[in-house]
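One chain comes next, on its own, written as C-alpha cells: the form predicted on its own.
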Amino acid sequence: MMTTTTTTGADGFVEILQAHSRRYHDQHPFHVRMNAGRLSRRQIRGWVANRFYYQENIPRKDAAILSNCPDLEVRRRWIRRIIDHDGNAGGEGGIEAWLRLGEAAGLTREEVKDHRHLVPGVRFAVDAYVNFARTRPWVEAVASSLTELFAPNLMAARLAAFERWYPWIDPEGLVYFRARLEQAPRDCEHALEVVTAHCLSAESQARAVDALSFKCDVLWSLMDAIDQAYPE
C-alpha cells in the first residue's frame, strides 16, 4: 500500500523521506551494541564478512539503475558511484577498502571474498535489493538509495565507535568509513535532486517513499540475519 495520498511540495516531500531515519539500521539492536563497544571480536568479524556481500553488490545495483535510466546527465553522474566502489585500477575503491577492513579485523582476504561466513538471510536481503533495482522503474530505484540521507551521521558515529572501542582493529582498515563521509553526502544530493525533479504527482511520491521504505527493510533484515548468526 502506498504511503502518501496527496501531492506535497518539495520541502514536505523531503521531510517525509527524512522521517525514515527512524527506521534506519543504525537503530537496530546489533548496531546499537556495536557503537557502544559491546561486540566481541567474533561478532565484529561476522558483521564485516557478511556486510561485504552488500558492498560488492552495490556496483551491480548501480549498474542496474544505469541500464534502465534514459537520462544522459543522470547516467554521467551516477556512474561515479560504480567507480567509487570498483576503483579505476587494482588497490582502489570501496570494495578493496572493505577487504582491508576485513584484514584489519583479523579475517583473511580469501575468507571474505569466498563468502564462507555468509548468512543465508544476508544473501537473500541483498539479492532482493539488486533485483529491485533491476526490475523497478529507475526513479524508484534511485529513491531507494536515499538511505544516504542518514548515512553521514551513521558513518561518523561508526568511525568514532571503532576508534574508541575496538583498538585491536588496525586504524588503516577504517579508510572505507572515512571515504564515505565525503561520498555519501555528494551521492545523496544527486539522488535527492533526481527524485524531487521526477516525483511530482501523489502517486510518484508515494512510490518513492515506498522504495525508500523497502531499502530500510532490506538493511534491517540484513542486520537481523547477522544478529541471529552471531548472538551475544
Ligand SMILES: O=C(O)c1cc(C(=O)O)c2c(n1)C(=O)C(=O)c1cc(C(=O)O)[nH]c1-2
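Numbering starts at 1 and runs along the sequence shown. None of these values were measured; they are calculated from a predicted model.
Form predicted in complex with the ligand: not shown, discussed below.
**Student:** The ligand isn't shown here, but in the predicted bound form which of Arg45, His190, Arg51, Arg60 has a heavy atom within 4.5 Å of it?
**Tutor:** The option sitting close enough to the partner is Arg51.
**Student:** State yes or no: in the predicted bound form, is some non-hydrogen atom of Met155 no more than 4.5 angstroms from a non-hydrogen atom of the ligand?
**Tutor:** Flag for Met155 set to yes.
**Student:** Might Glu96 be said to contact the ligand in the predicted bound form, defining contact as any heavy atom within 4.5 Å?
**Tutor:** Heavy-atom contact with the ligand at 4.5 Å: absent for Glu96.
**Student:** Is Glu103 close enough to the ligand in the predicted bound form to count, meaning some heavy atom within 4.5 Å?
**Tutor:** Glu103 lies outside the contact set for the ligand.
**Student:** Answer yes if any heavy atom of Gln55 is within 4.5 Å of a heavy atom of the ligand in the predicted bound form; otherwise answer no.
**Tutor:** Gln55: yes, in contact with the ligand in the predicted bound form.
**Student:** From the candidate stretches 104 to 112, 67 to 75, 118 to 126, 139 to 147, select the single one in contact with the ligand in the predicted bound form, where contact means a heavy atom within 4.5 Å.
**Tutor:** Looking at the partner contacts, the answer comes out as 139 to 147.
**Student:** In the predicted bound form, do Tyr24, His85 and Lys215 all put a heavy atom within 4.5 Å of the ligand?
**Tutor:** Checked in the predicted bound form: all three residues contact the ligand.
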